[in-house]
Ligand code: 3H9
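There is one chain below, alone, in structure tokens, taken in the form predicted on its own.
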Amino acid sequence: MTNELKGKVNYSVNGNIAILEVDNPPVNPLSSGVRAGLSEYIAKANNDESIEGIILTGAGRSFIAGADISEFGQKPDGPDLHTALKEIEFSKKPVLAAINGTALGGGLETALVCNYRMGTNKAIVGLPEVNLGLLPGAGGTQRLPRLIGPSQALKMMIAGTPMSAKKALQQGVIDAISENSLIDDAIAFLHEKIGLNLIEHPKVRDKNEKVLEARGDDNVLSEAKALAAKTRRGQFAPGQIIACVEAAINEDDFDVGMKKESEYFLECLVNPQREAMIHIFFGERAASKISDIPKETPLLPINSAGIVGSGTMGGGIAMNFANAGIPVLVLDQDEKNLERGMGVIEKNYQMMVDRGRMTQEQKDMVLGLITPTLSYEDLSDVDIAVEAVYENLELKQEIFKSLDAVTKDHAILASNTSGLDIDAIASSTKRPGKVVGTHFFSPANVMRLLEVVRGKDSSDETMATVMSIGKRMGKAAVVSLNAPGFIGNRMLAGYTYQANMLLLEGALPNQVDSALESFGMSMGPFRMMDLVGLDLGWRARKLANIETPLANKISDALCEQDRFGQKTSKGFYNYSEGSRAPNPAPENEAIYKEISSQNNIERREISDQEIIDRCILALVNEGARILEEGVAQRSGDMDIVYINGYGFPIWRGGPMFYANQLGLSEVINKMSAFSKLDENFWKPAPLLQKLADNSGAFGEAPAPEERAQLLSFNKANMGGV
């Protein structure tokens, strides 16, 4: 049975110009009703002798945001997209795309079948399909290279990032920018073209000069392959995009190239990476919603912010607020530290200017929003204060007492802690409802992940406001309940434990790292430990007079020889002066063997697959416990955490999605095989076992009354990870 067509197109006439307005809120996707409306009204305009030109535009703030993802894999109602676009492309009357806002994916592909393109100053264009594991499948890979040249088209499609109207005009994607009324300017532009009495108005498909110039130039494709290898490691779609553009360059018949695009698109569509990446696309939107907080919860106004601490984290957090247009005060009671911190902020912005990521004017504007201060009193009027000092509960409690005393009553007080007890911090204030954890990831001005930690008293307004700020900053914000390690670091503990045990059992750091980087992790665990510093845990254990756990015996032995990691140019690896590239450290192998022998562990050959399974399934099993305790709202939230904060490959969809794809029964089987090594560690989480027994999959957190284990933890164990 045919479903009701979704979306519509409005038709109006201004003199001899027909105006087709896509009206499918909120972002005007190319759904069934829109495609039907375009076909109907293009035909109507062509059959009306009084009409001499057609303008295609969008209602609201979007032109056409793209294809309707919800219709993927379904039999289309009404005309398919290719048919609708072909009718526009072969219109007897010239068609101008008046791009009033966002024109992404299928939206830009729609504009490319028009004869002309005009945008407002705020228009944004792009082909971001690669971010969903797809390629532009409605002619984008064939038309864009003809319009702006294969080299630029490949960069645009492999990056998948939107382009401003100004840049689009420079590149030749659009023909003009409207400075006044878009429709009035579009009508004037179209009248000018109609007045030329052209036999045929230009079609992008016929612009062959740029692709012919690239024929025989091997650099175009080789540079694109190098770019894909660097920025899209392990992903399937970029190679398919390159193959499509190769067809655009080498095929004389445009329709042959279109046929190849369709074939390569279908290969992307059925590839597992596409499902994984669309899971992340929707998962990030789901993560931004707090399931038990009403949608209509009022947000507290955030017009100013204060940061306590001017170190690496404090400076990065300040940049996030400034980038979002929020004035921010950076407080440090050590004047030299404050000067140093402000210098780092200025240097970071200058680096962005030097790399072309912002203009000098933009730098001056955002830097002007950041003000240093040595006095708590200056924070009296801020709407939110974020503490960003090192992980020490007593110190943070003292800071919160000071903030509670000087800030206005409705100000939110947030702690950038990676694992300390938010409730213990809130107890030092008279406003526990306004206290929340905001765990930014380092460097805070670069990393997208933000764990928003919900204390037992954190109010709905506080939580909703902080999630809204995260969105304003462009963060992937995920809610965690107040539990040891929150989500990410709690899962990480088992992952690094298994890496360390593999080292004790016979693997070498470079083998473990290589196996996991081949799986898709952006950095192996031993490279990561060297980067963070092996001495942090070692010093903490020594100060607390704690015996070194088995899994940390090798790293502590390295620290005894001043091998702290990159900071001393030697750790698990050796590092050349001024370089972060790891080099093998064969001198460490005697230490590995000695520690293994001292602990009665017989070293053996370990396969790459065992390395991958043990490290990744450690994440999965702990993730199942987190889900059943309700620390995370849904399994997809943990996937968002690991992709945006811990370098998990997006094309695998995150650890919990990966487990679902592997099959939870297979996860149990693999864990059972490892239980002979460590029975306690590999005991399946009750939720994982239950789902596997019932052929289920990870999804939402169980309702409180259904949980195998209500969230409970010993406050004494709340420590930084």
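Heads up: residue numbers just count along the shown sequence, starting at 1. All figures in this text were calculated on a predicted structure; none of them were measured in a lab.
In what follows, reference is made to the form predicted together with (S)-3-Hydroxyhexanoyl-CoA, a form of this protein that is not presented.
Of the heavy atoms in Gly623, none are within 4.5 Å of (S)-3-Hydroxyhexanoyl-CoA in the predicted bound form. Heavy atoms of Pro128 reach within 4.5 Å of (S)-3-Hydroxyhexanoyl-CoA in the predicted bound form, making it an interface residue. Contact check for Leu81: a non-hydrogen atom falls within 4.5 Å of (S)-3-Hydroxyhexanoyl-CoA in the predicted bound form. (S)-3-Hydroxyhexanoyl-CoA in the predicted bound form is not approached by Ala692, whose heavy atoms all lie more than 4.5 angstroms from it. Proximity to (S)-3-Hydroxyhexanoyl-CoA in the predicted bound form, defined as a heavy atom within 4.5 Å, singles out one entry of Leu190, Cys244, Ile425, Leu132, which is Leu132.
Annotated contact segment (heavy atom within 4.5 Å of (S)-3-Hydroxyhexanoyl-CoA in the predicted bound form): 136-144, selected among 393-401, 590-598, 136-144, 516-524.
In this stretch, 392-419, not one residue has a heavy atom within 4.5 Å of (S)-3-Hydroxyhexanoyl-CoA in the predicted bound form; the partner itself is omitted from this view.
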